[in-house]
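In the block that follows, a single chain appears as structure tokens, in the form predicted alone.
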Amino acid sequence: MRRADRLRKFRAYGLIAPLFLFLVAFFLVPIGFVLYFSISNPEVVTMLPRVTEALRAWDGQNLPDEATFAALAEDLKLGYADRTLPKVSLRLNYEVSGFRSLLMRTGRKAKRMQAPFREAMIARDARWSDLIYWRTLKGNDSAFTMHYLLQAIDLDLQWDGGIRRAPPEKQVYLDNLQRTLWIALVVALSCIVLGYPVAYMIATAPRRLAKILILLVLLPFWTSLLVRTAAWVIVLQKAGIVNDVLLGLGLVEEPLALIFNRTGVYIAMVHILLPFMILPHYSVMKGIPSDHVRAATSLGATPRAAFLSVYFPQTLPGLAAGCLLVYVIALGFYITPMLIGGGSDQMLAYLIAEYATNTANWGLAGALAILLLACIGVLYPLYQRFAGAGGMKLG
């Protein structure tokens, strides 16, 4: 019996193994890489090892000594020769603008520099007499850093390990996060207002009509997201269908600004995400017996009271699932705000894509992705609470 029990367990494990491996390979591993990129900082330590070691004992108050300048000259000479200098200079340029040109310019001449290196390097470029560059080098003396994670919440990691508020001109990420959360919230609430009645109508409609309505809800999935977004660009523009109808009916005197602003983003996102709100509602409503509301009515409850006290509580699991699904997808929207929104309507996914593809700043892209993931993680306890409350009422 024990052998048979073990065999059944092995078969069960074998059945779930593909799903487990899929989750590990395409969910846990990517999240692990994102987390690693958000704290990884190997460039300075591995590509400028001599000056990094020499700066460990530096107090950061005055210019380093001749030995430190000599170590930097040797690192720059070798880095320029083996072509690793562009990578480390790009990394340092993320923190101090102009660091890349300083390192590349000095690296080209490092091979011909002679002692004393301190005077030679300052004569070549006076920026080497500025402490900010040396402090930045000292602040990157570890293979791991909290710089990107702090930058993602508008904080600066100082060269001595202190943490300060970022300058006002660099405080952009929390504002962008707030905008992202607000847009996703408005879209989710709009989908609730529009999707709940539609789901109720489908759930209570005759079978043949319900099939047609479900087909209409699923129809947008047959078209790619990019095509649907581009279609809204045509529909919402000043010479588009919406403005033509409004002008033709005399409701407006001039075309409305419905595109390249927040209004267009809301309209397009609600249209795209509405099926994700309707389907969870419909699946829950379809399983609610109609006898419950009739029984409440027969016992003296008004239709409104019967709906609010009997029917609506049983739809809370679908409401929670639909809100979570729509809100999570909306948080990661990129194409629609980019094409339809203006400069002040871009969401956090836009910055992640910008840093990952255009500037190759994988550290900051990973930190912003972790920030977005943390915001999504907060939603799951709320979902469990409301879905659990709905489940209790169902019992």
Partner chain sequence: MALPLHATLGQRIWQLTFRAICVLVFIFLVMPIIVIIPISVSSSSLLNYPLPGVSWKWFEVIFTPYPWMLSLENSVIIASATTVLATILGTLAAYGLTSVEFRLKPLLMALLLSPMMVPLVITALAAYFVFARVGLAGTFTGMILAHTVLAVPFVVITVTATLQGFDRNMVRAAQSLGARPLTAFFGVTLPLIMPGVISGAIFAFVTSFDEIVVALFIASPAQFTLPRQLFSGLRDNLDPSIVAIATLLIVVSVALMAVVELLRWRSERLGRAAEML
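A quick note: this is a predicted structure, and the numbers were derived from the prediction, not measured. Note that the rigid core is defined as the largest set of C-alphas that superpose within 1.5 Å between two forms. Residue numbers count along the first chain shown, from 1.
Here the subject shifts to the form predicted in complex with the partner chain, a form of this protein not shown in this document.
Shown alone, this chain has one stretch from 116-124, 137-145, 308-316, 212-220 that lies within 4.5 Å of the partner chain in the predicted bound form by heavy atoms: 212-220. Using a 4.5 angstroms limit between non-hydrogen atoms, P30 touches the partner chain in the predicted bound form. Using a 4.5 Å cutoff between non-hydrogen atoms, G287 does not count as a contact of the partner chain in the predicted bound form. Using a 4.5 angstroms limit between non-hydrogen atoms, A12 touches the partner chain in the predicted bound form. Using a 4.5 Å cutoff between non-hydrogen atoms, N62 does not count as a contact of the partner chain in the predicted bound form.
None of A70, A365, V44, L55 but one reaches within 4.5 angstroms of the partner chain in the predicted bound form through a heavy atom, and that residue is A365. Note on the partner interface in the predicted bound form: the residue among L174, A295, A231, L131 having a heavy atom within 4.5 angstroms of the partner chain is A231.
In the predicted bound form, the residues of 326-343 lying within 4.5 Å of the partner chain by at least one heavy atom are, in order, V328, G332, Y334, I335, M338, L339. The rigid-core alignment places the CA of P197 2 Å or more apart between this form and the one not shown.
After superposing the rigid core, the Cα of F117 is displaced by less than 2 Å between this form and the one not shown.
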